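The chain below stands alone, shown as structure tokens; this is the form predicted on its own.
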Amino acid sequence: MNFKKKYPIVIALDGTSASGKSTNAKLVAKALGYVYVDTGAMYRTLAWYCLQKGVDVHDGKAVGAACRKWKTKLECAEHNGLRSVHLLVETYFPEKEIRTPETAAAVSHVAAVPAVRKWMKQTQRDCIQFGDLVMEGRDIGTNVFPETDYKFYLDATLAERSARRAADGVNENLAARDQRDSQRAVAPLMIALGAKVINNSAMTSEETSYLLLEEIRKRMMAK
């Protein structure tokens, strides 16, 4: 279905950890032929970079300085029919390195630094150079693209989200992560004004993405 538009469309998919943001954002992006953007991967990339360079991730000033100085570039690559934006560090995308337990433990500390949030916001907004986007994260609808008409917030019970993490072989204190994300001073995790909230505790990814696509198409047709 084609819809007339003047600017690239941004579908903002925010939510808690293990709420299915990544899986559903990819399904929606593939279905619509949009570009997928994992903003969490960008923060993970900075966390990995800091660990590699010996930067103390608990030192906000040091992390902010590292973020201002590192050499990065946005790249859009296609794999298995899905176009995704990657943040390259000196031409390298640390795809596997950013998924290690060490990086996971550091990312929430890095993400809380105001200078980092400012840098990431601008970089993430620059992703529209690649066209229509499905962007997942924790502050897309509230901070990065608050002007978009396509805002969604995914959630599930803590027990269900913990079970999903465990099924992936990851042992993470999601309650603590939720608290840090919600209470940080800059761009905290919260439901954006006008966002459709979907609790998918008892839903499959296919059921969740179907609801998302139905709502997106409904909003497009209303324009």
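The structure presented is a predicted model; accordingly, all values stated were derived computationally and were not measured. When you see a residue number, it is the position in the sequence shown, counting from 1.
The following text describes the form predicted in complex with ligand DC, which does not appear among the structures shown.
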Only one of 123, 108, 100, 72 comes within 4.5 Å of ligand DC in the model of the complex by heavy atoms, so just point that one out. 108
Given a 4.5 Å cut-off on heavy atoms, tell me which of 54-62, 191-199, 33-41, 150-158 is the interface stretch with ligand DC in the model of the complex. 33-41
Any non-hydrogen atom of residue 184 within 4.5 angstroms of ligand DC in the model of the complex: yes
is_contact(residue 177, ligand DC) in the model of the complex, heavy atom dist at most 4.5 Å: yes
Answer yes if any heavy atom of residue 140 is within 4.5 Å of a heavy atom of ligand DC in the model of the complex; otherwise answer no. yes
